[in-house]
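Two forms of the same protein chain are encoded below as structure tokens; each is given separately, as structure 1 and structure 2.
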Structure 1
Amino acid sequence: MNCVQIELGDRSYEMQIGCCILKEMLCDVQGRAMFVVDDNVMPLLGDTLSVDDERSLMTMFASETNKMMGSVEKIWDAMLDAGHDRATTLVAVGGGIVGDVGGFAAATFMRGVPLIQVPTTLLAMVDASIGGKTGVNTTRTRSDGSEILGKNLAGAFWQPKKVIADVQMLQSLDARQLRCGLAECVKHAMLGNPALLAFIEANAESILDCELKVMEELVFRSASIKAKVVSRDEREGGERALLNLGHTFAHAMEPMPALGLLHGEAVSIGLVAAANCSEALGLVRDGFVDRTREVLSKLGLPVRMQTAIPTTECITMMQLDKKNRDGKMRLVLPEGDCGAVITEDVDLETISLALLAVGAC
């Protein structure tokens, strides 16, 4: 088993990464506990989670449209009905949606209860479960009167007490869900970590086949990168914002029904858009965009929209991004061979060109 430390003073915790460790770890949860479990994961746990006077259980259908305050309220109600209090530990078992919603419920129930994150998807293991970000979507009305989701616009920082990642669970994912997590791994590699990018390129076939030894190494390497950034900047006051590389573009595309994108797929296209933006600004060398496209395509990820969305509509959504300050759009863009920079001075024409390069109209 590998362990990653997230160093945050008295809020420090450990991420445990291994194979076939989940059932033992869940059985070892001490004291009163509320388990919030992804519907898709529950059948894989068998009789591991027994309900008694101290341990309660509820399942949740994980979808972006269900990642709303109503789901948080259902968790609160279930905890109150079971007689839980501030000594109860909430254990979120599932992908990033369950982790975000369960984490937000833990942060707000009786002003905060202990949290254990148990990510079961690659995306959640390498990204969503680390760093204490929790949140839900909100509904926004577009200019044509239709509604669209505003990604993670309500939330809180709430660090878990522990993260448990069992890579065996990844073998239960379909190929599309597995690939979604790979986009975040590539993002981490683009933040000054060429060795991770080389590892991904060299082991692409084994990764797509979900070979457990390779997956444990991939999760350990990628999670270690995020853990170091979070340890230096817990609340995104500076460096941590770099982890949003490609995400301003991605968060604009992901909620659009016409595109039908999962989060990791939107991030993949967002990384290509960000690379194009950097190329137009002279921040990266020639060939950087091509290499970005090549590695993402090699992993089976999309690198452009399959349905053309007007650039104006994309930019309107980008302007809602929670990273923006004082009405200025803040973009995280690649810089150099393997680095990133936060900028607020990218003109709308350059952003439009970057969107056109990934299939907008």
Structure 2
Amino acid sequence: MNCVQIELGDRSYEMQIGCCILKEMLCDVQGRAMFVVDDNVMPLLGDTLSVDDERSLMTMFASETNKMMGSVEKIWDAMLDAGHDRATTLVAVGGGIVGDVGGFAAATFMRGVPLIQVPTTLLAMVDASIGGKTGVNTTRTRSDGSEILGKNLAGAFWQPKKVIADVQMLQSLDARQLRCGLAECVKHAMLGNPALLAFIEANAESILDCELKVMEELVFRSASIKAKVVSRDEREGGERALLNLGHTFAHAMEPMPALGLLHGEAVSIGLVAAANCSEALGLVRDGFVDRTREVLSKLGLPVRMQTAIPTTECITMMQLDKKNRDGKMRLVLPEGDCGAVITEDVDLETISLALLAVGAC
């Protein structure tokens, strides 16, 4: 088993990474526990969870439209029905959706109860379960009366007591979801870990076959990068924003029904667009875009839009990004061999060209 420390003073915790470790690692849950489990994960668990009362186990359908306050309220209700109190530990078992919703319920039930994150997707293992961001989507009504999802617009920072990543869980994950997690691993590597990028390139086949030893190493190396960033900047006052590399482009493409992209797929195209901006601005050496494209393609990730969306439409969406300040678009772009920079100084023409390079029109 490998361990990653998230150093946050009296809120520090450990992430345990291994194969078939879940049952053993859950043994030391202090006091009573409330389990919130992803619908699709429940049948995989067998006798792994020891639940003292069936009301202390609830399942949740993982979808963005179900990642809402209503789901948090259902968890509060279930906890009250089962007689839970502030000494209860909430254990969230699932992908990023269950982790975010379960985490927010833990942050708010009786003003906060202990939380254990048990991520079961690659994305949740290397990203969502680390760093204490929890939250839900909101429904927003546009001026024409139509509704859109306001992604993660309500939430709280609530650090777990520990994270248990059992890579055995990844074997049932569908290939598309696995690739989505890989986009975040590539992003972490691009943020300053050339050795991780080389590891991914050298082991692409074993990774796509979900070989457990390789997955354990991949999760360990990738999670370590996120852990370091979070340890230095818990509340995203500075460096943590670098984790949004490529995400301003991704957040614009992800909600477009014509593209049909999952988050990780949008991140993959977003990384190529960001690399294009950097190359145009001379922030990276020539050939950087090609290398980025090659690694992502090797992992079966998309590197351009399948339907050409007008650049103006993409830019309008990018202007809604939460990272923007005072109407200025803030981009996180690759810099140097393996590094990134946060900038507000990219002109719209450079952004348009980067979008054209990934298939916009």
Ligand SMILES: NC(=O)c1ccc[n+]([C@@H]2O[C@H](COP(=O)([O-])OP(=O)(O)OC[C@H]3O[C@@H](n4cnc5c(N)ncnc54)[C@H](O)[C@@H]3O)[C@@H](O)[C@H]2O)c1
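In this text, the rigid core denotes the largest set of C-alpha atoms whose superposition between the two forms falls within 1.5 Å. This one's a predicted model, so the numbers in the text were calculated from it and none came from an experiment. For numbering, take structure 1's sequence and count from 1.
Of the two forms shown, the form predicted in complex with the named molecule is structure 2.
Here Asn137 counts as shifted, since its C-alpha moves by at least 2 Å between structures 1 and 2 after the core is aligned. Residue displacement note: Asn203 has its CA displaced by under 2 Å between structures 1 and 2 (rigid core superposed). Remark: with the core as the superposition reference, the CA shift of Ala82 between structures 1 and 2 reaches 2 Å or more. After superposing on the rigid core, the C-alpha of Asp28 is displaced by 4.3 Å between structures 1 and 2. After superposition on the rigid core, the Cα atom of Leu49 is displaced by 3.9 Å between structures 1 and 2.
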